[in-house]
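One chain follows as structure tokens, the form predicted alone.
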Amino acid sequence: MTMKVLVVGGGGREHAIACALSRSEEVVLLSVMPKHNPGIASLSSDVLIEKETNIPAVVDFAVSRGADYAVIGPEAPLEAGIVDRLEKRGIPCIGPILKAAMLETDKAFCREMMHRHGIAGCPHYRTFYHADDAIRFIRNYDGDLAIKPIGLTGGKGVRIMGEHLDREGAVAYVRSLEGRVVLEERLIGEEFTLQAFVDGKHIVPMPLVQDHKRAFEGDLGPNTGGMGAYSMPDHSLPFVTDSVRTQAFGIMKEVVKVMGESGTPYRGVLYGQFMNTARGPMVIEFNARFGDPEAMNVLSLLESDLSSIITRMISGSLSEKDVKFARKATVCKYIVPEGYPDAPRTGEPVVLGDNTPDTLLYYANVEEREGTLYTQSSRTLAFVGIGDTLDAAEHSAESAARSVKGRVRYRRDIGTAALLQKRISHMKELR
């Protein structure tokens, strides 16, 4: 039976979702994206070029094309209430309703929910809505803080004292945000991402992934949307013990349980960003959708039919036996314009080299004109290498990324043995 699935969003994450869905012969793909994505468009039977936050236009398109389900890629349309509106018109969604999406869209809501229900992994924090109060707290705090804008910032708004800012820099940043911030203790450790499919009650984990936010090699430079990520063949990470992984998953299960009991059941992909610290896994943040690039790592390994997973999520009957991932490693390397993220060079031609069968290409923020690709203001495209070992996966991704010609760059160190050993050694020191 044919299933029409609408994918909302036009980046690398959504291209990965579209690729996973298109592996099923029963799926007819519809898509909404703010700009033409050649990868998604090539898989779609019908495309609407429109901002994902223009909810009336998206809903009209979905209804007129007879969409059976919708998968929401980015966070902005979730904050705009797209799921509520689509489901009101009879189109079930993989993505949480507006109130449940507040786990991501309102950092104060998330922390207060965790604190109120005694959920483990919540760092010490304070919420502020006035600059003078927040600045007073910063000046009197003995130590470093993480400064988090309460609302969405595209993954680029968090500033860490002692890493991005000194104390006076922190004061200036808080003032620029008009004091609407969550101030948290600075967590020291190694980050990891655990994503899960959630049907409202049941939660099924995906392989662990480590993202790399910093713009330059050696984890230097400003934060970005993510320069790449890797995963291991055993679906864990060498610096994450089984106990830590179990604790992190337990935190996510507790969050889903509490959301359901609070009258805002969570359905969709739940993304847990954790810091593995000397005192166990601490929650950096939750996202209410797949990560980008982490979606490309895990969906490239998905052996189960994503459309079948969707139907079980909608019916509330999801179980671990429905979800299977290949036992292989992945390395994702993002190609970005020169100058990214502060002053990206746009409109520059990009020429692709030859890909090996073990490397997948996902298009992100790129324009195609008369067969030539051109950079835009954000990340351009990503290569995901797949292999029996991390080294093999990294070699594939590196070979493909190195073959690209143009005013672009990428992080060569992602997925390398040297960088992984650095993570392992750091964790040993902390323990």
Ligand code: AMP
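Everything numeric in this text was worked out from a predicted model, so none of it was measured. Heads up: residue numbers just count along the shown sequence, starting at 1.
Here the subject shifts to the form predicted in complex with ligand AMP, a form of this protein not shown in this document.
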Only hit among Leu177, Ile314, Ile119, Ile160 for heavy atom within 4.5 Å of ligand AMP in the model of the complex is Ile160
If we test each of Leu352, Leu361, Ala108, Leu187 for a heavy atom within 4.5 Å of ligand AMP in the model of the complex, the one that passes is Leu187
Would you say all of Lys148, Met275 and Glu285 touch ligand AMP in the model of the complex, counting a heavy atom within 4.5 Å as a touch? yes
For ligand AMP in the model of the complex, the stretch among 92-100, 304-312, 340-348, 187-195 with residues bearing a heavy atom within 4.5 Å is 187-195
For this session: Give a yes/no on whether Lys213 approaches ligand AMP to within 4.5 Å in the model of the complex, heavy atoms considered.
Result: yes
| task | Please check if Asn223 has a heavy atom lying within 4.5 Å of any heavy atom of ligand AMP in the model of the complex. | result | yes
